[in-house]
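Form predicted on its own, single chain, as structure tokens, below.
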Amino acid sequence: MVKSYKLSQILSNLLAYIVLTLFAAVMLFPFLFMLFTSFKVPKDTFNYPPRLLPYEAQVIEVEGFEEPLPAYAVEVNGKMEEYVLVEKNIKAGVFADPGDLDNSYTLPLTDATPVLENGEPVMVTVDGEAYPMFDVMVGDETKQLVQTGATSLGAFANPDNLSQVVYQNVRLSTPVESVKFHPENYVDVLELQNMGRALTNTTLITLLVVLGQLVTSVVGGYAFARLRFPGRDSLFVFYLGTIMIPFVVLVIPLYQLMVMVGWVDRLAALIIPWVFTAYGTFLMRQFFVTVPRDIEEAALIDGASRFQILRKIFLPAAAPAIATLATFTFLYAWNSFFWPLVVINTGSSQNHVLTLALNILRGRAADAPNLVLAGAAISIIPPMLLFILGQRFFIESAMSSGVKG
């Protein structure tokens, strides 16, 4: 009975892990596809069916040619060999036996000589349609065949012996490819549309907004949680009510204010208005309320100032809440698009942030999805890493909120 119970537990756990792994793979696949595509060459991004890993056609240095030649898989004597394309767009014809049109040969026209009679091409009628007759070299023998169509071929040669040549359709041939990453795509993206400056601006703005919100939220939260002054609770409720005001209502008056103070098209307009947050103040205030008053009163009796109490008692205890607020603020500031689009001119590339630069890159590099996705990866990877590093603080915050009342 015990063994049966343990076996059922193992099977249920195994099933849960399999289901969770499948869901994780589905969730991660778009990110992995974006990341791998950012390392591809433009031609590989349009490959059908799409492939996850970046591939690039191999080239081989051949004596007598100034540039490396592309390698293709060619069938020679029933085996697939690696040959190089030495010439393309060779005029060719489709030749067949008059008695069996289904058995055809595709050969260059240089290997076929028209059959003439009294200076005129000999025509053979097959199933009511006339075809010209040719003497065609097939292997080591000459056959009289009719030309049923025209096409173009490529000449593929053995890179070790250029006299061994095989003719076949280039478009239908399979290039020899290998997995190859192109990290230089990221360098190209940073140089294109001044993306490097946009990344610097975004990093600076994000750090200043995060630092500003942490300072104002911690100080404001401590004041609303611990200091007693007339109208404290009413002021807190009024301040908290500003969260319910939609941002679209604030855009026009906020923009007019930026015009009045001369901050339009300046980075200050992306920093100063966002260092105050009712949500952050509320989060820190709720956390500080849970700290026992006995600790604070003991510190006051020992002669500690309010600033010392905040710095040495409340801040260490509030590390999970501070990390949570810092992460949310970072994500908001890093991904902000609408307000920078309003207050920063499109032509002022020196003051662009990543979201604006990516919006312009989408148009400029429309024919190079690999560069667009490289820019997207630059924008996504930093907040993703921050979220992973700060995940344990979220868990600590949730656990502490569950045990403190």
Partner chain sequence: MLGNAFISIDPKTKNLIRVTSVWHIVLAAVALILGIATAAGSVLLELRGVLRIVLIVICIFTAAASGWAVYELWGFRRRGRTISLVVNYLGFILFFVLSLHFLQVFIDIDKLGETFGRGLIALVGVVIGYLISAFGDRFEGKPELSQQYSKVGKWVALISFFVFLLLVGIIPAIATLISRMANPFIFSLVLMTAVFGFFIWTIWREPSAAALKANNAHKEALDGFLFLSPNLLGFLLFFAGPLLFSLYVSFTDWDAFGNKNWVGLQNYAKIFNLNVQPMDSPDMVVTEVLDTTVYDELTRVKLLGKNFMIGAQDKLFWISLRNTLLFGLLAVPLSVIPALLLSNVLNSKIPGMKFFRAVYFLPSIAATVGVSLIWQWLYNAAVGNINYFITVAVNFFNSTFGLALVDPQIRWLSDTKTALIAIVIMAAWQTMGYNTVLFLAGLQNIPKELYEAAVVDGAGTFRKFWNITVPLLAPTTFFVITTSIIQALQMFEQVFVMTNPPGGPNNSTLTVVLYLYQNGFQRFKQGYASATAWVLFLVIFGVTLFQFQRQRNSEAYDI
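Positions refer to the first chain, counted from 1. Quantities reported herein were computed from a predicted structural model and do not represent experimental measurements.
Just so you know, the form predicted together with its partner chain exists too; it's not on screen, but the next bit is about it.
A heavy atom within 4.5 Å of its partner chain in the predicted complex is found for exactly one of L116, M123, L235, V187: L235. Interface membership of P246, defined by any non-hydrogen atom within 4.5 Å of its partner chain in the predicted complex, is confirmed. Contact check for F65: every heavy atom lies farther than 4.5 Å from its partner chain in the predicted complex. In the predicted complex, its partner chain sits beyond 4.5 Å of every heavy atom of N158. Its partner chain is not shown here, but in the predicted complex it comes within 4.5 Å of a heavy atom of L257. The chain is drawn here without its partner chain; in the predicted complex, the stretch among 174-182, 108-116, 127-135, 258-266 whose residues come within 4.5 Å of it by any heavy atom is 258-266. For the three residues T45, Y239 and I271, a heavy atom within 4.5 Å of its partner chain turns up in the predicted complex in every case.
Applying a 4.5 Å heavy atom cutoff to its partner chain in the predicted complex picks out R306, F307, L310 from 290-325, in order along the sequence.
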